Ligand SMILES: Cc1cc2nc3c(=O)[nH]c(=O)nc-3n(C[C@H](O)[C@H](O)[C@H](O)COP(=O)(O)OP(=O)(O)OC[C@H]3O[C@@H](n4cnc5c(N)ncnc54)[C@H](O)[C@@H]3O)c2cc1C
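Next up: just one chain, as structure tokens, the form predicted on its own.
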Amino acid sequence: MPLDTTSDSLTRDSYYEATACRGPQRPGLQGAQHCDVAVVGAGLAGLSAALELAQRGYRVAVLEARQVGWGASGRNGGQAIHGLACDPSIIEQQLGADAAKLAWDITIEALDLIQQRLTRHHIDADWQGGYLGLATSARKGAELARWADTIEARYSYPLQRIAPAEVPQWIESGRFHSGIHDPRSGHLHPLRYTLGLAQAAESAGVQLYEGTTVTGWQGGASVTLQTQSATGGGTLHAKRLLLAGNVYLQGLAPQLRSRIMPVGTYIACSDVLDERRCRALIPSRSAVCDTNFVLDYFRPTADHRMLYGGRVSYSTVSPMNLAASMRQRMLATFPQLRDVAVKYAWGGYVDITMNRAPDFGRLPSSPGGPDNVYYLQGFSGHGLALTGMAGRLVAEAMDGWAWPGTD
């Protein structure tokens, strides 16, 4: 079923939109333009790739149908954490132990890359270190401890164990049995981070067009994209194409549609709390995620609110009474917040693969033609950090292949 990308009913009541400064919208593409690499999608993956390519000397143009960070990049839970959405055993079964360790190490490098970009590009995105993984029962606590043992043994990544008696020191909630803590992971304001990456990319020479929908493309030795914006149609000619629109590609590459599925995710954010009261809820101010299959994830914001995510929808139907239902989930963890109102409630779609492993690859731009179309998708809820490394990896892949005229 096609996604409704014309309505803002789910996205307009976002805490992130209310607390970020977008500035004027960038103009749409007009006329015929040329570049080395065209990127479809101005989310974290597309902007990361554009920045990396521009720093390598390539001419890059980014086409965004809405605004920078309009999709999952600008409205997610804000948690940047280790690992992939899938268990490492899935990677081991498919590619072997060495490749699984490499995949894990890439996710840790992705955390470091966030820090590097925040510092290098002077992005104020409210970074807060620390991540708590919490189990809601003794059985799940034992599973989490075994997982942590495996991660330390196979990947040499240290994780602090939290015994049942120690849980009250970490969270003011009776819901949890035990857990782990990772100081290297953390959380931030994802829309501010995305907007900061866009500014960094433009400073590096990237041309960014907003309000520009790609209506079709033809391939061959190069790729030609037809676009439509409020000011009319345009054409972009590129030697390489990167598709980074995830579930919002809207049929632009039908062969990719069956590889991912859109899943609706939802978040609420409370009114401002007294600072002492907010700190008492999660003294370390870490991001928190439980280990349930349909999980809850939450964190304090820099301005002392509780931001709480949970529930999913596998249909394209928007949920009713979103603020009220999300408030009930929040109160299940923090019943002491019954006197606190929900100020914001919003949602949107993320791209999930069947095995929760990311899906990166290349396609021919025409039947029998060169594989000059690249794609990044399937981040499955772990994209805040991984998109940065995905952008770097695809830039390295493009940089390593011969370009037209240089063969």
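All of these numbers come straight from a predicted model, not from anything done at the bench. Don't overthink the numbering: it's just position in the shown sequence, from 1.
What follows is about the form predicted in complex with the named molecule, which we do not show.
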{"query": "Segment assignment from 53 to 61, 26 to 34, 348 to 356, 361 to 369: heavy atom within 4.5 Å of the named molecule in the predicted complex", "finding": "348 to 356"}
{"query": "Any non-hydrogen atom of residue 374 within 4.5 angstroms of the named molecule in the predicted complex", "finding": "no"}
{"query": "Partner proximity in the predicted complex: residue 45 to the named molecule, non-hydrogen atom cutoff 4.5 Å", "finding": "yes"}
{"query": "Close approach of residue 252 to the named molecule in the predicted complex, 4.5 Å, heavy atom", "finding": "yes"}
{"query": "Heavy atom of residue 66 within 4.5 Å of the named molecule in the predicted complex", "finding": "yes"}
{"query": "Listed residue that, although the named molecule is not shown, lies within 4.5 Å of it in the predicted complex (heavy atoms), from 389, 20, 384, 395", "finding": "384"}
{"query": "In the predicted complex, the one of 333, 270, 178, 79 near the named molecule [non-hydrogen atom within 4.5 angstroms]", "finding": "79"}
{"query": "Neighbours of the named molecule in the predicted complex among 70 to 98 [non-hydrogen atom within 4.5 angstroms]", "finding": "70, 71, 72, 73, 75, 76, 77, 78, 79"}
